[in-house]
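Shown next as structure tokens: one chain only, the form predicted alone.
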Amino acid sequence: MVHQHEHEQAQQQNKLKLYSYWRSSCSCRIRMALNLKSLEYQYIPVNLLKGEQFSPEFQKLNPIGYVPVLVDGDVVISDSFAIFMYLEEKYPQIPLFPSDIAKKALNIQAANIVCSSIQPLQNATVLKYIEAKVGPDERIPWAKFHIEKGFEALEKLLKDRAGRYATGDEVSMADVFLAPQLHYGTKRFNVDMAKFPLLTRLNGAYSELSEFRKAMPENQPDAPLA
């Protein structure tokens, strides 16, 4: 029994650790990637509303104070894009990049529209700033404007390139970045998806993937009880 306990402890220590917040779309991307790659991980919640991201312990992991952070043994990586690239190289058994170089570039382009041109402009920090400096009534219109602008670009970019999923018939990086943003756009900001038939279809396809459903905010251990 002692040996078994020691073995379990060693396994727990060797397991990937993900510092995450249930409602963070950036964390959601990595939860999806880990699930798709069948990688077990320890979920460590960071309550952003309580300011736990500003604690000295967390600031050592990520000085800018954002989730997610991945810990793999002695390796500590923050930023969802960097984490994704690390996982893809370190754990290539189930790849999320297509082998075709042009398709790979397309995936990076689509992912970057989400993580550079949409998500940072509608995250909590920016919305709080807009509310304080411009006015509380501008918060949602600001978010919707930037989400819709990004969705328009993605709809055009992927229109003639999508298959069952964003860039073909296999789930890839673009899907991992797109799925959480579609979820948030529709659930939190009530974006009218009638203008985006392709993205609407993709959103439906994502809802059928157990690896994506498992990663959704409401299914996380730190999600508040309904």
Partner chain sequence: MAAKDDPKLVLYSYWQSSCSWRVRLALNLKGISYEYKAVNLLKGEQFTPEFEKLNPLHFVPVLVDGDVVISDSYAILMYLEEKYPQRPLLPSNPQHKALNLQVASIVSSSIQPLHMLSTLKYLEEKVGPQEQLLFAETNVEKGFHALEKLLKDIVGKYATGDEVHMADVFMAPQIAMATKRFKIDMSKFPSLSRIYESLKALPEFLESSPEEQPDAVM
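Just so you know, these numbers come straight off a predicted model, no measurement behind them. Residue numbers count along the first chain shown, from 1.
There is another form of this protein, the form predicted together with the partner chain, and it is not shown here; the text below is about that form.
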Whether Met85 contacts the partner chain in the model of the complex should be assessed with a 4.5 Å heavy atom distance threshold; does it? yes
I'd like to know whether Gln42 contacts the partner chain in the model of the complex, with contact meaning heavy atoms within 4.5 angstroms. no
Even though the partner isn't displayed, in the model of the complex is Asn62 close enough to the partner chain, meaning a heavy atom within 4.5 Å? yes
Partner contact for Phe81 in the model of the complex: the partner chain, 4.5 angstroms, heavy atom: yes
Can all three of Cys115, Glu138 and Pro141 be found with a heavy atom no more than 4.5 Å from the partner chain in the model of the complex? yes
Just to make sure I understand: among 134-155, which residues lie within 4.5 Å of the partner chain in the model of the complex, judging by heavy atoms? Val134, Glu138, Pro141, Trp142, Phe145, His146, Lys149, Ala153
